[in-house]
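Only one chain comes next, encoded as structure tokens, the form predicted on its own.
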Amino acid sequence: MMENIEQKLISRINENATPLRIMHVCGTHERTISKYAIRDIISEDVQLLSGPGCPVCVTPVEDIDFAIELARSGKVITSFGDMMRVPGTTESLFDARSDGYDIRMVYSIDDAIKIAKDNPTLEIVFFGIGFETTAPSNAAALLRGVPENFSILTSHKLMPPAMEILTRDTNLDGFLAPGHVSTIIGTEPYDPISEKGFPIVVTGFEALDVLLGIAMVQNQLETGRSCVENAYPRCVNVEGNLKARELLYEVFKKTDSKWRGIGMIENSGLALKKEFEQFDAVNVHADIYKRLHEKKASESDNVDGKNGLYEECICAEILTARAQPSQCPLFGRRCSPEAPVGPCMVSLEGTCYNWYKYRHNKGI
């Protein structure tokens, strides 16, 4: 039954194919597209572009460098496993841990809080990353209360402002909106983007979901419409998760934020509100933050980490769909999941990782 529906969607997409560039902004979408070879079964006229949907990929070098500098200063850094291998200017958190610094992998902010409670003489910093989906749990943890020796380095991002920037800077015709993020924010935040002429379809993560999203974007363009449609109603509604958003904005406020590969985007990040500043690692460890930035200012190294092998890495172009992984001179040669040079090769949600895992053995 499902196979029959998938085949009908594939036929519908291919029979009506015209030159079309559809961008997704979700690492799980890229994983589905690569795993099920969706690019290979639909018309070459319909291009599926991978945008900045991998949270560790868009975490800026400066935040990674700060986390490493905190570890060098005797603080205990905690973060997710994927974040450990993402390169900063000269090294990753994993490299720093290999040098003997106390950097620990956790599965949630609650794990980090437990470490702080169990070790009251140590200063614990949780490196919090991710989009609208992960920030509410961090907000809830702070509202429940955390020990005095705990702080958070927040590097959270908001997706709609990044999509808005991409409509100006990237050649695209429509979006597959991320299902995970949309469960929290709903569909309304995408309205201003669709009103500028870009069809948007909120899409789930099965191959069938992705094919349906493509067909719905295609249909909007064929009929001269651009609106927000929901192809993932089993999880997403118009309003989103109101309770999660209430928790989120009780603790955080919107702020300008730097995205790796894109640059500064207005109101695209989250900062702790004034009443929670005593848990903000940048404030708690302001001396280390200031010393690091003074050191960087005095150095001639490129702050984007463009030195050595990084000079050849094109993750910035890949995150904005200006290039494909196979166009990178390092892809599959000196950059692989076992030895990643750029952030896009690190995570299960990274574009290069998925192209390597599912397409590289096909000679792509």
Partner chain sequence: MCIAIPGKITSILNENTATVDIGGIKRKVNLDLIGGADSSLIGKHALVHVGYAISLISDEESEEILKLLRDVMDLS
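Only a predicted model underlies this, so the values are computations on that prediction, with no experimental measurement involved. Residue numbers count along the first chain shown, from 1.
If you look for the form predicted together with the partner chain, you will not find it shown, but the lines that follow are about it.
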Worksheet item: Among N16, R144 and K243, does every residue place a heavy atom within 4.5 Å of the partner chain in the predicted bound form?
Response: yes
Practice prompt. Choose one stretch from 262-270, 96-104, 165-173, 214-222: the one whose residues place a heavy atom within 4.5 angstroms of the partner chain in the predicted bound form.
Written response: 214-222
Worksheet entry | Any non-hydrogen atom of S151 within 4.5 angstroms of the partner chain in the predicted bound form | no
Fill in: Contact test in the predicted bound form: P233 vs the partner chain, heavy atoms, 4.5 Å
yes
Worksheet item: With the partner left out of view, is T183 within 4.5 angstroms of the partner chain in the predicted bound form by any non-hydrogen atom?
Response: yes
Fill in: 4.5 angstroms heavy atom contact with the partner chain in the predicted bound form for T133
yes
Worksheet, complete the sentence: The listed residue (I200, V86, I129, I77) that reaches within 4.5 Å of the partner chain in the predicted bound form by any heavy atom is I129
Discussion item. Quick check on this chain: which one of A140, A207, I288, V284 has a heavy atom within 4.5 Å of the partner chain in the predicted bound form?
Written reply: A140
Discussion item. Going through 26-51, which residues have a heavy atom within 4.5 Å of the partner chain in the predicted bound form? Please give them in sequence order.
Written reply: T28
